[in-house]
Ligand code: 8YV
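The form predicted on its own is given below as one chain in C-alpha cells.
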Amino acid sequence: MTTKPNVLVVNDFHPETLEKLDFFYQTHHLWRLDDAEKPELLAALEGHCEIAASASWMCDPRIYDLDSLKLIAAFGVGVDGIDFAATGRKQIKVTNTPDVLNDGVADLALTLILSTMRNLVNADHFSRSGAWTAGPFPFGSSMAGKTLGIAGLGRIGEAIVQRALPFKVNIAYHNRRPKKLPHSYYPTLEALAEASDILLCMLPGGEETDNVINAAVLEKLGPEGVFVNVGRGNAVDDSALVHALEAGKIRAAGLDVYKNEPSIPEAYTALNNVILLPHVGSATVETRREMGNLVMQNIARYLCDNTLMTEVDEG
C-alpha cells in the first residue's frame, strides 16, 4: 500500500480545499489541537513532513520549529501572515494564489465604490422605513468626470481600472515607482488624495503600510471625497478615519477590511456614512475554489518535480 505524503494543515482556511487535502494526503490539522498538543504533533512529524498548507494572512509561528518543513502553500494573495525572515533563514519555499481572485476582488471594489457614491445602503433603509412618503431621498454623486485614485496599483488594481473606465472616470495612482500606464502618477499618498474624488486603498499588509492612510491623507481628500478600502486594514488609521467621517472632513467610506478581523471598531458601527463589509472581496464560490486549486497544484508540482507554479519571492 502506498503511503500518502504528510501535509500539515496550519489553520481552518477553506472547507472545500481542506476536504481535498484530506483526500489526497495524510493531513495533520494543527489548528484542531490545544497549545500543549501542538509541539507533540510537530515533534512526531519531524523528518516526515515537508509541506504545510495555511491561510496567507495568518500562520501559527510554531510551524517554523519543524526543521523538515520545505514548503508553505498559502491560500490567499497577501502573505503578511508568513514570517519571511524565518522562511528565508530555513530555506522554506512559499506559494500563494494570485490572479485567480482578481475578478472577484475587482467586482467587489467597484460595487463598494458605486454603493458609497450613490449612498445605496442608506437608500435601501430609507425605502424600507417608509420615509419616502415624507419626501425624496438625498442626492448621491455620479462617477462620470470624477478621479479614482488608487493607492497600490497592482494586478487587482488594473482589473478595477478596466471596470471603472466605462463609468467615465479619470484614473490616478500611487506606487513605489511609476508604471508604464496612461494614468496620472503621484509620488505620495497625500498628493494622490488631493487629486482624487475617490481614494481606493489596495495596499498590501506589513509594517511598511501601517497607518499610512492617516489624518493628513484624509484631510487632502477633502469634504466631498470618498474613501474605499479593499486592500488591508492595517493601512488605515482608524481613529483618523472615524474623526474624518464624524467631522465631515470626508463625505463617506466603504470598508471591506479591518485591522483586527473579525472585530470592527465600534465607532464605525455608529456612523451612517460608512459601509461595512465582512471581508468578502474574494468570497465567491468560483474564486475560492480556484484559489484552493492553486494550493493543490503547487503541492502536487512540488512533490512531482520540486517545481512551483506561484512561488512568492520576498528577496
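For every residue, the number given is its place in the sequence shown, counted from 1. This is a predicted model, so every value here is computed, not measured.
A second form of this protein, the form predicted in complex with 2-keto-D-gluconic acid, is not displayed here; the remarks below concern that form.
Exercise for review: Quick one: find which of 243-251, 264-272, 37-45, 53-61 has residues within 4.5 Å of 2-keto-D-gluconic acid in the predicted bound form by heavy atom distance.
Suggested key: Looking at the other structure, the answer is 53-61.
Point to revise | Touches 2-keto-D-gluconic acid in the predicted bound form: H279 (any heavy atom, 4.5 Å) | key: Answer yes; at least one heavy atom of H279 falls within 4.5 Å of 2-keto-D-gluconic acid in the predicted bound form.
Practice item. With heavy atoms only and a cut-off of 4.5 Å, decide whether L101 touches 2-keto-D-gluconic acid in the predicted bound form. Key: Yes.
Practice item. Find out whether any non-hydrogen atom of M117 is located within 4.5 angstroms of 2-keto-D-gluconic acid in the predicted bound form, and reply yes or no. Key: No.
Practice item. Examine V295 and determine whether its closest non-hydrogen atom to 2-keto-D-gluconic acid in the predicted bound form is within 4.5 angstroms. Key: No, V295 sits far enough from 2-keto-D-gluconic acid in the predicted bound form that none of its heavy atoms falls within 4.5 Å.
Practice item. Scan V226, I92, L218, V77 and let me know which has any heavy atom within 4.5 Å of 2-keto-D-gluconic acid in the predicted bound form. Key: So the residue touching 2-keto-D-gluconic acid in the predicted bound form, by this definition, is V77.
**Study point:** Residues in 226-242 close to 2-keto-D-gluconic acid in the predicted bound form, defined by a heavy atom within 4.5 Å, in order
**Key:** Heavy-atom contacts within 4.5 Å come from R232 alone.
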